[in-house]
Structures are given as C-alpha cells and as structure tokens.
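Have a look below at one chain only, the form predicted on its own, in structure tokens format.
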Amino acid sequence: MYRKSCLLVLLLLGGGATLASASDPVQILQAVEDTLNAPVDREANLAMELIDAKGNTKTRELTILQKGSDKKLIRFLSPADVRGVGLLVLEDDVMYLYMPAFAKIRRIASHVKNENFMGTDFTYDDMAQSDYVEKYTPTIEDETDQHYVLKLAPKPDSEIDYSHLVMWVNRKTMLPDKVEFYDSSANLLKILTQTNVQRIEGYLTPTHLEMEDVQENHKTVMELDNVVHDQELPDKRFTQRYLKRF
C-alpha cells in the first residue's frame, strides 16, 4: 500500500524534498508523493475562508491529524453550525463522516467522494488524495527552470471523475506549486495553488493554500498554523470512536 495524506489536506501539507529524474515522470510523481508523506505524523490548525462570486466570505477553523499516509482526521472547531463535524480517512479510501446534530457516523459511499466537502471547493477525494502514483499515469508536458509540468491521467480503476490533472512540480522542493483539475469534458474546473513554503521541524510545508472553482467563481483559502510533526500519535486517535469525541 502506498503511503497516502486533506486538506487538506488535501494535497494540502508538505514534507521533505526528494530529487527526481527529469526523464521519468513516474519517478517525479513518486518524489512528490514521498515529499508529501515524509513526516511520521502531523498535527495542525487550519483557518479556512470560503469566498463566493460576490465576495461574500465565511470563516471556519479546523484541526487536522495525520499519521503515515493512510490515516487522517479532520475536525471543525468553529463556527457553531459546523463545530464537531469530523471526517476520518483510512487506508483503501475508506472515509467516515460524523455530524454531531444527528449523533451518527456514516461511511462515505464511492459515488459521494467526488462531491464537495462541507461547502468547500475540495471534494472528499481531494481531502484524502496523496496516492498519486497508484491512481494516475503521468506524462511530462513541459520542463522549465523552476518546474516539471506533469499531466496526470486517471488509471481505469481509480474511480476519479476528473478527466486529468496538470501539476506544476517545484524542482527545489518537489512539492506541487499548482494543480489544475479538468472536468469529465476536459474543461478547466479548479486550480489549487500552494505558497509560503516553510521548513517546519525539518519538513517543507506550504502554509497558504487556495482552491478556486473557476466554473462557479468560488474559492477556498486556507492558512496552516501550529504545525507539529512526529509526535507518535496513537492509532486510537484515528478511529470511529475518537471521531465522535470533541
């Protein structure tokens, strides 16, 4: 099983850089995956802003826990209407959503994973994605002094709704500075950008992320704070029982 990570984050957190061969797109994509999944575990706070076409904003606060590449827990801290809502991601793309208002945990069905998560511009799958090599076939579209530009085509059995992605991989950090998402008709749907990369406890981490839905003119902006790595988080924190705790 490949090592996986939101939000968050997805796509959403970085690790330690790894060199890749410019002639081998699979090796480049593997280096991205290894960099994203470098920490043993990770905990962070997240300030989120949802911005609609008229410029109206909604703010949310979250906390994110991740262990390895296949365990992640995302929980909303505020505002009151989403406080306590949690998403648990486990290996083999198993996901559970907890809604405090109903006091129930439900497993996210495969056909729902491509829907937007809690009003953001990230799908459930986006939040969990990090196993790129397992799910995509990469080809090199371009190379510049700063980036490898990869086109990622979903593998036939990956159950991904995007027709393809285009990823700008930073040569120095081996993190994706930008990812374009194309819908099933091959039209540009969303753009993810990751900036303000910091080395936190030895791991390169982008602390400012934006996902823009260019078709709906809607944007999700996220700022990471209080990032801590390698705390030896216990497995019990990534269970359905812990998902209901607040």
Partner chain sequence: MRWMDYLLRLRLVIMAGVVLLTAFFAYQLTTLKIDSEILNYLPQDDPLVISFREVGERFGGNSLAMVALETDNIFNSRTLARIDTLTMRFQALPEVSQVLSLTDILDIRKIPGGIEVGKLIRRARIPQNPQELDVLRDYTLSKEMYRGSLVSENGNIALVIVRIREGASKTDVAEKMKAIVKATQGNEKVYYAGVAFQMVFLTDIITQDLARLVPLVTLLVSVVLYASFRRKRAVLLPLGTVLISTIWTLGLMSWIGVELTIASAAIPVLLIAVGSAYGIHIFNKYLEESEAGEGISREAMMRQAMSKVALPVVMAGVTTLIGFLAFLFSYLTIIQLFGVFASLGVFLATLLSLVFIPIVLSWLSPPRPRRARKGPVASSGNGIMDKLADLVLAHERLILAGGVVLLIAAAIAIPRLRREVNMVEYFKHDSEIRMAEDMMEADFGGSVPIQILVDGDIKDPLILKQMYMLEKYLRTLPDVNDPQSVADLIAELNEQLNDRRTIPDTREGVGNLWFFIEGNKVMEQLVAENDTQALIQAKMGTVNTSKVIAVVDSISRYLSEEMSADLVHVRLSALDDSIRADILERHAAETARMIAFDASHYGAEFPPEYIPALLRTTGSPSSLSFDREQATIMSGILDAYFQSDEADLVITSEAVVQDVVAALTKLSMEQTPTENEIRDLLRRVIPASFYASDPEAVDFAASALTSLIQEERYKMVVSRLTEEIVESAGDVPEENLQAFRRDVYGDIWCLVQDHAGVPADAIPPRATFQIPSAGATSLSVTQSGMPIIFKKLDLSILKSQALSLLVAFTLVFLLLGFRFRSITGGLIALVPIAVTIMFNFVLMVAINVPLDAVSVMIGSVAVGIGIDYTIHFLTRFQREFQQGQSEKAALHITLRTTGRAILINAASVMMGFLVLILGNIVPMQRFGYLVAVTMVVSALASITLLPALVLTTRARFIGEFDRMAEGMQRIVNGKARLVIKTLNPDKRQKSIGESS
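Each form is matched to the other, and the largest set of C-alpha atoms that superpose within 1.5 Å is called the rigid core. Please read these numbers as outputs of a predicted model, since none were measured by experiment. Positions refer to the first chain, counted from 1.
The form predicted together with its partner chain exists for this protein as well; it is not shown, and the discussion that follows is about that form.
| request: Spell out, yes or no, whether the shortest heavy atom distance between D157 and its partner chain in the predicted bound form is within 4.5 Å. | output: Flag for D157 set to yes.
| field | L87 within 4.5 Å of its partner chain in the predicted bound form, heavy atoms | value | Yes, L87 sits close enough to its partner chain in the predicted bound form that at least one of its heavy atoms falls within 4.5 Å.
| task | Please run the contact check for S110 against its partner chain in the predicted bound form: heavy atoms, 4.5 angstroms, yes or no? | result | Yes.
| request: Report yes if any heavy atom of M99 sits within 4.5 Å of a heavy atom of its partner chain in the predicted bound form; otherwise report no. | output: Taking the distances in the predicted bound form, the answer for M99 is yes, it comes within 4.5 Å of its partner chain.
| Contact check for Q146, K190 and H208 against its partner chain in the predicted bound form, heavy atom at 4.5 Å | No: no residue has a heavy atom within 4.5 Å of the partner.
| its partner chain: the contacting residue among L175, V133, M118, V166 in the predicted bound form [heavy atom, 4.5 Å] | Of L175, V133, M118, V166, the residue with a heavy atom within 4.5 Å of its partner chain in the predicted bound form is M118.
| message | Only one of these stretches, 147 to 155, 73 to 81, 167 to 175, 134 to 142, has heavy atoms within 4.5 Å of its partner chain in the predicted bound form; which one is it? | response | That would be 73 to 81.
| said: Pick out the residues of 44 to 60 whose heavy atoms come within 4.5 Å of its partner chain in the predicted bound form. | reply: Sequence-ordered list: K54, N56, T57, K58, R60.
| task | Answer yes if the CA of I105 moves 2 Å or more between the shown form and the other one after aligning the rigid core, and no otherwise. | result | It does, since the I105 C-alpha is displaced 2 Å or more between the shown form and the other one after the core fit.
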